[in-house]
Ligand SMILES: Cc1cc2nc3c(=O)[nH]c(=O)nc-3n(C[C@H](O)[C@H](O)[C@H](O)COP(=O)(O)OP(=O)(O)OC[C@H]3O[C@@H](n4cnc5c(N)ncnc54)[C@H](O)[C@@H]3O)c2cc1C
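Have a look below at one chain only, the form predicted on its own, in structure tokens format.
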């Protein structure tokens, strides 16, 4: 495998500028192009977890930054668009090519080194193809496969890392995702409740632009002006100027559209841009101290109102209890899990005794000091009782293997939903699961739950509600049984998006827009906001060759 020449770590003390100055690479050389009949052996690269399938004229697997730049330049010479692919775990179709060159970063998968961060943590530099699971496991164990080739400074930092407990917090459900993809989508997950999404953990990025130049940008090095203006330096000495969109960012989790705020750090333009502004080939991300002790708890509630009341109380005591995640299982979700247990038995991952119909569950992850764990659990029991629950009917797990069993229970629901849809698709191949990804502000939680339930019950559709209730980010999985129900579900889905945006929320909280949810950007930001996004893209990709069909409908580009 080739060796990418990633720049050494450096801390820039200059006054921030509004001008981004990419550099040209010496030795940019395209990797081997796979095209024609040879592409027939690479069908899996034409799809992702969305099950959407595309097509490409050619496929490349660069192993270093010079090969990425070379591939982009060769694609430009041939007049081809470029789609970036990595671990292909996305569910919005962003990695699915709409023709042109498909550029897979999966072979750029080395962790490059460590240095001390601006606070008590560390910064780790990695290539875009490093899997999230590898990075998180390496940090947890202090064992990095590539450390033999690190600099003396990095190996000295590694010894200090091993003397403590650290973690990289972003935790999308799919730990098999690649780092470049998680940054390109600003991925989040259950632990966003405490730690936030990916964006605040990105300290610097290495980005190949559409013209083959490389932008090495660190946090705090470049900011938009007060009026939103920024500029990109051109090879001939001129400038291409742009302006940050003027739309208001949702007051919730959001992974839809280009990030925008006054005088924003220009690094944040690329985080969540889904490969449409540039190709993220490397990143430096921040590690933080990990809690000494962890515990997983499942609490059960007689109805949805009680579960919501418990969630609101947890928010007020989140710091004292060390609450990292609050996850919800609605009545239909527990019914489906109960059926899974009856069908599969112990291998289902679902315990034998679940409460009866109408009940709900709240799953918690807690992190605290070892000496405080007993007191935290005692306080949690008191809180459960105060809200009307029964502490004796809670499940808890502290040891790693016990927490793993509860994690299996937590993830059994999506697996069951996928199994139900697979069975329907045998009879109706065009039917798929309809899964929402919408979040609302705190004051909208009860209202959005009532909206979902009343509309779906009135339509007579089969559905489950579960997910990140701590962030008011609940997934509605509609399970259509035939094409007519599928069509009805799609109409409801679009209506939910409009209602959620009217509440101040986002219709794309954590999975991005990709190619399958482009209509949601117009709902979220309006035609004017979409035009402002296009203007930003034109600064970095004036020929509109990166990520064709992602974020913006292909035919409108």
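Model, not experiment: these values are computed from the prediction. Positions refer to the first chain, counted from 1.
This protein has a second form, the form predicted in complex with the named molecule, left out of what is shown; the following refers to that one.
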Among the candidates 268, 174, 74, 485, the residue which, in the predicted bound form, approaches the named molecule to within 4.5 Å (heavy atoms): 174
Which one, 114, 105, 474, 350, lies within 4.5 Å of the named molecule in the predicted bound form by heavy atoms? 105
Where does the named molecule sit in the predicted bound form: which of 420-428, 455-463, 180-188, 377-385, heavy atoms within 4.5 Å? 180-188
Applying a 4.5 Å heavy atom distance criterion, does residue 280 contact the named molecule in the predicted bound form? yes
Examine residue 67 and determine whether its closest non-hydrogen atom to the named molecule in the predicted bound form is within 4.5 angstroms. no
Taking the shortest heavy atom distance, is residue 275 within 4.5 Å of the named molecule in the predicted bound form? yes
Does residue 532 reach the named molecule in the predicted bound form, with heavy atoms at most 4.5 Å apart? no
Interface residues of 511-540 toward the named molecule, as seen in the predicted bound form [heavy atoms, 4.5 Å]: 511
